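There is one chain below, alone, in structure tokens, taken in the form predicted on its own.
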């Protein structure tokens, strides 16, 4: 997605904040470029490692800005830039940066853009990478923001799947563990759906996919749920599968079409062996209860026939959920998966900077889901994102963020999707700034144009609207004092 706050005299800058900022063609281009690097700069002993360097990025600098701990993501990005012949500058400890003095992320990004040509950012707040992209004139790559997304990890995961299965279409992938708090999983399931995979959720108790991720899979990526019969032979922890269409065309996103269920294909997917098992750790940094029950994958679990040929993946680090005794098994690919982080990130950096192939110039085109209607008002006015970990709630960013929501109409009733963290709000109140009235009939009163939204303010409920000096539309139209005093509802 392109930044609009960069200099007006310069072309729009390409950023990668979400896996959906990349088209399917973009992803395939990254993979082709990564394979070329593996072929041209091979390790003498391991085919999945980069063993040499080039000078293609000799005149460029990568800034790595990490507000959260990281080993693989930060070091693989820095290794990738060094292998490209470029230089790195890094801020890996917020305690030693100006963040400790209270500097906003928006200001930090604008300063760092003067020192580097591209930056990767990791931040504990959901949506922080999108905010950084708004203020950055150089490409921003999301290295993980809160529990939102981790798109470059997903690129490594998809690349591993393709290397092992020779394809991405119509795979059956089981995902185990903390599906709610894992940003890696959220990027991963969107990508799997786009490539027509069947997704088998195996969440730890209480750690199912977030509601907004589940809803997007169903409405925008055209997945439908297949309930697992008790006598199907599937694991007891599996209640349903997300089955995607053979061709979930990307341009269909946000249109919310209904698809005709193919019962025969559904049954076939139930019986099909698992192509990959993706294991995730307990994201303890995102949960108040640190002692929750958590599934453990061991050799006995993986001895089930359906996993006989499954690649076992893990984004790492692991903290006990995957038995180390399995490391020597032919199906264990997680350390190879981690190694692919270097060629994949080399490819992404070089393509964003236009280094590898001038004709590709910053992924010209990219993923455009169609025209989006965006509500955009000052942070101090009306409804704010309800996700308490969204970057809009960071006190240091109060002057940099706004109440920004994409109006989603895919299910008939309007919903609000936060531009930064992508959490959704279903119930809200629409008010007119000009006439000082509000109403709860959002479906008919919410403007459908950017111009109309400029005179609109949204509130969480009637009480908030009234506290801000707005009056019920019905009460305002009725001159009877009793109804005005009582705050009659529309």
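Bear in mind that the values here come from a model prediction, so they are computed numbers and not experimental data. Numbering follows the first chain given and starts at 1.
Not pictured, yet referred to below: the form predicted together with N-carbamoyl-L-aspartate.
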Inset, instruction - Only one of 183, 123, 130, 216 comes within 4.5 Å of N-carbamoyl-L-aspartate in the predicted bound form by heavy atoms, so just point that one out. - result: 183
Legend entry - The unique member of 403, 283, 91, 170 whose heavy atoms fall within 4.5 Å of N-carbamoyl-L-aspartate in the predicted bound form: 283
Inset, instruction - Indicate whether residue 315 is a 4.5 Å heavy atom neighbour of N-carbamoyl-L-aspartate in the predicted bound form. - result: yes
Inset, instruction - Look up in the predicted bound form whether residue 224 has a non-hydrogen atom within 4.5 angstroms of N-carbamoyl-L-aspartate, and give yes or no. - result: no
Inset, instruction - Report whether the minimum heavy atom distance between residue 150 and N-carbamoyl-L-aspartate in the predicted bound form is within 4.5 Å. - result: yes
Inset, instruction - May I ask you to state whether residue 176 is within 4.5 Å of N-carbamoyl-L-aspartate in the predicted bound form, using heavy atom distances? - result: no
Inset, instruction - Given that the partner is absent here, state which listed stretch (372 to 380, 79 to 87, 315 to 323, 196 to 204) has heavy atoms within 4.5 Å of N-carbamoyl-L-aspartate in the predicted bound form. - result: 315 to 323
Inset, instruction - Residue by residue through 323 to 341, tell me which have a non-hydrogen atom within 4.5 angstroms of N-carbamoyl-L-aspartate in the predicted bound form. - result: none
